[in-house]
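Presented below, as structure tokens, is a lone chain in the form predicted alone.
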């Protein structure tokens, strides 16, 4: 193991993810397989940490596994794909906008249910009634 090598625990900690998340990303091919020590332990390099942080940040921004796989491919040296990345980001913005609209509708429904509930004197809770009416 070189002086720059990381154990799986240190790698996970440095990227702010769970150890099992690292193994999962390796299993599905988002993370390249690390070298192994003579004892069979994974030995990660700083490039692994950089990739893991890229994946984590992409997940935080709501990109799915397939989109992240594509973004990784587009980020490789020599690939000139800024337009494709821009298009992916634009599509993602549309998805985020749709989620925001859904959340705003949900907020309105919940606020009304809470307002109805605060009027008191009802036999049936309006919040429970509202939850049962959402299709």
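A quick note: this is a predicted structure, and the numbers were derived from the prediction, not measured. Residue numbers count along the first chain shown, from 1.
Form predicted together with the DNA: not shown, discussed below.
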{"query": "Segment assignment from 70 to 78, 87 to 95, 103 to 111, 40 to 48: heavy atom within 4.5 Å of the DNA in the predicted complex", "finding": "40 to 48"}
{"query": "Triplet 19, 23 and 64 all within 4.5 Å of the DNA in the predicted complex via a heavy atom", "finding": "yes"}
{"query": "Interface membership of residue 36, the DNA in the predicted complex, 4.5 Å heavy atom rule", "finding": "yes"}
{"query": "Touches the DNA in the predicted complex: residue 59 (any heavy atom, 4.5 Å)", "finding": "yes"}
{"query": "Exercise: residue 27 in contact with the DNA in the predicted complex, heavy atom 4.5 Å", "finding": "yes"}
